[in-house]
Every structure is written in structure tokens, then in C-alpha cells.
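First comes one chain, alone, set out as C-alpha cells in the form predicted on its own.
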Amino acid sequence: MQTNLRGRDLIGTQDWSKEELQTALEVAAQLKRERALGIPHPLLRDRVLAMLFFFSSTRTRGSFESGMAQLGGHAEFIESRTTQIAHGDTPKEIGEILGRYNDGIAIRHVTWGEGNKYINDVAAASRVPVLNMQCDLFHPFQVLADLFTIQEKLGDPRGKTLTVSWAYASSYQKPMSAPIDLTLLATRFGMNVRLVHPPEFKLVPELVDQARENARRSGGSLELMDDFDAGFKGSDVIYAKSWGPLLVAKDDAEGTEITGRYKDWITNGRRMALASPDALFMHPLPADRNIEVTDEVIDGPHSVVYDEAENRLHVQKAVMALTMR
């Protein structure tokens, strides 16, 4: 167990060693057990987390606020459009000032080409840990919760097959951060990852190359596929999630047109039957029901989406306790 994590940022899962990530997962399991038994753990008494949102949320805001309260601290909600951030506060000023007011800064900024840079610029100016609640490239707390859930349900993830697949959605051009970060994380933990998507929905090539190197080092594998059904066959975990054609579309209109070509990319009962008999269906939520995934699947026996959502709380508490104490 690696316990020397005080003061550390977490902007992407590649920032931490595998041992450090496993430490966070072990602490999450301990805190989850204590919560179930009613054992208080006020590890961050009198600590304050600034939560800066450029993009709306449900699970992220709720789980971070609840987590800080359960750890004995306070989470401060800051919305970019209703503060001076919208009028000119720079990342340096945010890092300097919020880092003096608070014991940690958490940021959600998913704008393509902006979010990750903004969070890193804040971190460069901050004297306290900066935590990425999701940017355009990474979603570390979501994918740690995903891996935690896989370990709970399937045990050692090494050698298990994980299908990370694009899915059609009609709501908006969603970020690619969850599939990128999950592919990076799962390949570090020895999983056999199938990255499945239509040709226009490639992920950032440099990060796919990093995932391939992760797989080489861990004994796992990374396979790129463009056949949705083939990606399901024999898989242990199905993680079907929409993201926009952000590397090829010039604007939202073109992105919507490209996305509309693949309305048949939906996880349904027929496709789940192609997976392993005990396969898990996972999704970070919110899902476009009966567009990304049918009710039959997301509400069915293979689905672990609510356990997955709960585990956001526990892994976030673990990281906050390790970095902010």
C-alpha cells in the first residue's frame, strides 16, 4: 500500500502509479464497509473542498458533497457562469485564491480543447490538491469507480475482457473522457480491452498508444474494432457509452449528422446475449434510454449501473482522504 499521497493532484489516472491507484481502491473498500456498518470516519474535519463547475452534473456534485460531509468536511459549490470566473478570473487566479481559501479544488470542465488545459493551469498555481471531476480528456473518479465495481463483482480483473464501445445518443456531442480514461486504466490492470467504434469516432491517438503500452506492460491486450456485435461476443463487461466525433467534426451540426448514421448502435437484449452469460452491463449515467441502451438491459439482471454510481462516492472519499488530510 502506498500511503504517501498527501497533497497530490489527480487529473488523470496515468498521474498515479498502479500501486497508488490500488491503495485508493483499498481505502474505498474500507470506507464503504464502515459506512455500511454506521462507523463514522471524520478524516477531513474542518477541511473545505472548492467544487468549480463549468458543466452541469448530478452524480458528480451529489457524491462529492455527500463524501465531504461524511468525512467531516464541507464542499463549496461554485458555478462558473454566476461568478466572476465568467467575467475574467484566470486559471492562475483561481488556483492561487481558491488554494488559499480551501484545502482542495475540484473542477469539472469538459469543453473540447479547453478543459484539461484549464485544470492543469489551475493546478500549477494551487498550493492544495486539484481533483479532476471530468475534463475533455479524462474522468478519473468515474473510471476508478468502474474498476472498483468490476473488482467487487468479478474479482481480479486480470484476463477479463472489457468491451468499451461507442453507442448512439441523440442528446448532445458527449465527451470522450470516460472511454479514454477507462481504456487507460483497464489496460494497466491487465484487462483485455476491446475498443469498439465506427470509423469517425476514434479516440485521441496518443492516448490509445499509451493504452497499448499499458497493456504490453501488464500482460493485458488492446484490440480496436468497428463491428458492434463482434465486440460483444464472449465479453465479461460491456461498457457502451456515447461520445462525439470530436476529432473529425468541424462543428456540432456536422457532429450530429455523423452521429445520425449509426442509430443502430444500441445495447439491447440480443446483443447482451452475445456476451458472457454472467457479463456485466455498465454505464456512467445518465444514459439516453432506448437510444444508447434499452430498458430491458439497463434495468435487467446484467446491469450494475446503480452499484457503479454508488461507488463514485466511495472512491472519491478515498482519494480526498488520502490527498487532503
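Given the structure is predicted, the values throughout are model-derived calculations rather than measurements. So that there is no doubt, residue numbering starts at 1 and follows the sequence shown.
Another form, the form predicted together with ligand CP, is not on view; read the next lines as being about it.
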Exercise for the section: With heavy atoms only and a cut-off of 4.5 Å, decide whether Asn290 touches ligand CP in the model of the complex. Expected result: no
Handout entry: Contact of Ser57 with ligand CP in the model of the complex (heavy atom, 4.5 Å)
Key = yes
Exercise for the section: May I ask you to state whether Gly67 is within 4.5 Å of ligand CP in the model of the complex, using heavy atom distances? Expected result: no
Problem - 4.5 angstroms heavy atom contact with ligand CP in the model of the complex for Leu285 - result: yes
Problem - Of Thr149, Asn192, Gln142, Ser126, the one that lies within 4.5 Å of ligand CP in the model of the complex (heavy atoms) - result: Gln142
Handout entry: Contacting member of Arg108, Arg188, Lys160, His197, with respect to ligand CP in the model of the complex [4.5 Å, heavy atom]
Key = Arg108
Exercise for the section: Quick one: find which of 290 to 298, 35 to 43, 59 to 67, 267 to 275 has residues within 4.5 Å of ligand CP in the model of the complex by heavy atom distance. Expected result: 59 to 67
Practice task
Enumerate the residues of 290 to 321 that have a non-hydrogen atom within 4.5 Å of ligand CP in the model of the complex, in sequence order, or give none.
Solution key: Arg312
